[in-house]
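The chain below stands alone and is given in C-alpha cells; this is the form predicted on its own.
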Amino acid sequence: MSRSTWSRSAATLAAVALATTACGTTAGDDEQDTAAASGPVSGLRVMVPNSPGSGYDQTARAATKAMEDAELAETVEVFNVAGAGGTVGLQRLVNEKGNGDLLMQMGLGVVGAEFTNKSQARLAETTPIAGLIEEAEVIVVPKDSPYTDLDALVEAWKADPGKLPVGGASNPGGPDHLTPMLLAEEVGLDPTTVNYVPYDGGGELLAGILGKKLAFAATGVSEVAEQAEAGEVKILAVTSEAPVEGVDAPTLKDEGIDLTFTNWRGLVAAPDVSEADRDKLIDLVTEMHDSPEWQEALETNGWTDAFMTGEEFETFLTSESERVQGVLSGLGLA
C-alpha cells in the first residue's frame, strides 16, 4: 500500500468488528449479563501516557465518564504519565505485570514512539483490550494567517519549508508527525526538509498555534474544533476520506491531494494479566461501547466508531506496527 492511501476506514474497522461482536476472546452474552448483574467494576485506573487536554486524555476521560454514567464502573481514576511520546507511560504499564485493574489509553502515536524513541518497553508485551475510535487529522492555521486556503499554504511551504514550522501534538512517529510528512511527500516536497516542531499534548500545541509560533499544525479534529468554531483558528483541510460533520473544511482529496489518513485510539492492559481479568476488562469496555452514554460521546467529539476487541485488536496492532515501521524507515527514523 502506498503512503498516499494509508488510512483506516470506518468500513474496514466495522468489518473487523463484525467478526468480534460476540467477543470471541471473552465472555458470551449470558456471561456478560451475569457480570453486569454483579455490580459496577471498582478499583479501575486508566493511565494517559501524555498531558492533560490531549486527544488521549479526552478519549480516556470520555470513556470513563461513560462507564460511570452507565453504572458499569465506579470511581475510575484517570491519571497522566507524560513523556517520550507515550513510551514513559508504556514502560510504567509493562512494569505492572499481572495488574488487572490498570488500563492505558493509547493509539497510533505510541506505536510510532516505540521506534523513534527506541523504547525498551514494547506494545507487544501488553494485553490488547479494545480499539475504540478513529479520528481525522486537520491542517490548521492561526486565525489571521496569511494562508487562507491550502493551495496558498502548500505553495509557500514548497518554496521554503524551513521557514514554515509545522507543529503537532506528538513526537516523531506519531500521527501529527506522520501527517505533514506524508503530505509533504504527496505535494512533491522532500519530507526531510520539513521543519516539524513536536509539542507534548494538544494543550501545548494549541498555545503554539495561538501564539503564532507555528505557520501551521497537524492535529486531531477534536483538539481544535472548539477553537475553530470560535474563530480563533482556521482549519484548511481534513485528512479523512469524507468531510467531517461540523467542520467547515474540505478534504485533502477535494483540494487535489491524493492522501487520506486517520488516527486511532484504543486501550491496552498490563502484561500477564489473568484470563479472568482480561475478560472482565473486555466485557466492561464492550458494555461501555454499547451504552447510550458512549454513543453520545462519539457524536459530541466527532469521533468515528472503530470498535474491536481482544485478538482482533491484537492483530490490528501488529499490522499497524509493521506499517508505521515501514513509513519511519523511509524517513530514516526507524
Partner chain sequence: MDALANLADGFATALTPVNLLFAVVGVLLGTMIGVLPGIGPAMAIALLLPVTYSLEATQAFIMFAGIYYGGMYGGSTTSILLNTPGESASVVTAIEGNQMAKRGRAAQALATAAIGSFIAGTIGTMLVVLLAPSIVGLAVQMGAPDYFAVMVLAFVAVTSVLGASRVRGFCSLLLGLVIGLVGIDQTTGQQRLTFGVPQLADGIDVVVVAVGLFALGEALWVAAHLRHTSAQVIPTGAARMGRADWRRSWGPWLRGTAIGFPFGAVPAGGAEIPTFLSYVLEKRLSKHPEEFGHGAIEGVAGPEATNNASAAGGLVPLLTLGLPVTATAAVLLAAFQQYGIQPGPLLLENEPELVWGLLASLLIGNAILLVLNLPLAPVWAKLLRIPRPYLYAGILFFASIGGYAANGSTVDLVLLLVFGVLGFVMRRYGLPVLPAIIGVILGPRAELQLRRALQISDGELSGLANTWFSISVYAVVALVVLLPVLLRVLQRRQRGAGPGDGTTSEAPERVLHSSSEGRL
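Numbering follows the first chain given and starts at 1. Predicted, not measured: the structure shown is a model, and the values here were computed from it. Here the rigid core means the biggest group of C-alpha atoms that line up within 1.5 Å when the two forms are laid on top of each other.
Quick note: we don't show the form predicted together with the partner chain, though the next part is all about it.
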key: Triple contact flag 39, 76 and 128 to the partner chain in the predicted complex, non-hydrogen atom at 4.5 angstroms   = no
request  = Report the residue, out of 242, 152, 159, 207, that has at least one non-hydrogen atom within 4.5 angstroms of the partner chain in the predicted complex.
outcome  = 207
Of 99, 117, 145, 251, the one that lies within 4.5 Å of the partner chain in the predicted complex (heavy atoms) = 117
query = Going by a heavy atom distance of 4.5 Å, is residue 85 a contact of the partner chain in the predicted complex?
reply = yes
inquiry  = Please tell me whether any heavy atom belonging to residue 58 falls inside 4.5 Å of a heavy atom of the partner chain, as the geometry stands in the predicted complex.
reply    = yes
query = residue 301 near the partner chain in the predicted complex, any heavy atom under 4.5 Å?
reply = yes
request  = Answer yes if any heavy atom of residue 180 is within 4.5 Å of a heavy atom of the partner chain in the predicted complex; otherwise answer no.
outcome  = no
task = Could you tell me which stretch in 252-260, 103-111, 223-231, 132-140 has residues with non-hydrogen atoms within 4.5 Å of the partner chain in the predicted complex?
result = 223-231
remark   = Within 60-74, the residues having any heavy atom within 4.5 Å of the partner chain in the predicted complex are 65
query = Superposing on the rigid core, do we see a C-alpha displacement of 2 Å or more at residue 169 between this form and the one not shown?
reply = yes
message = Given a core-based superposition, decide whether the C-alpha of residue 205 shifts by 2 Å or more between this form and the one not shown.
response = yes
query = Using the core for the fit, does the CA position of residue 130 change by 2 Å or more between this form and the one not shown?
reply = no
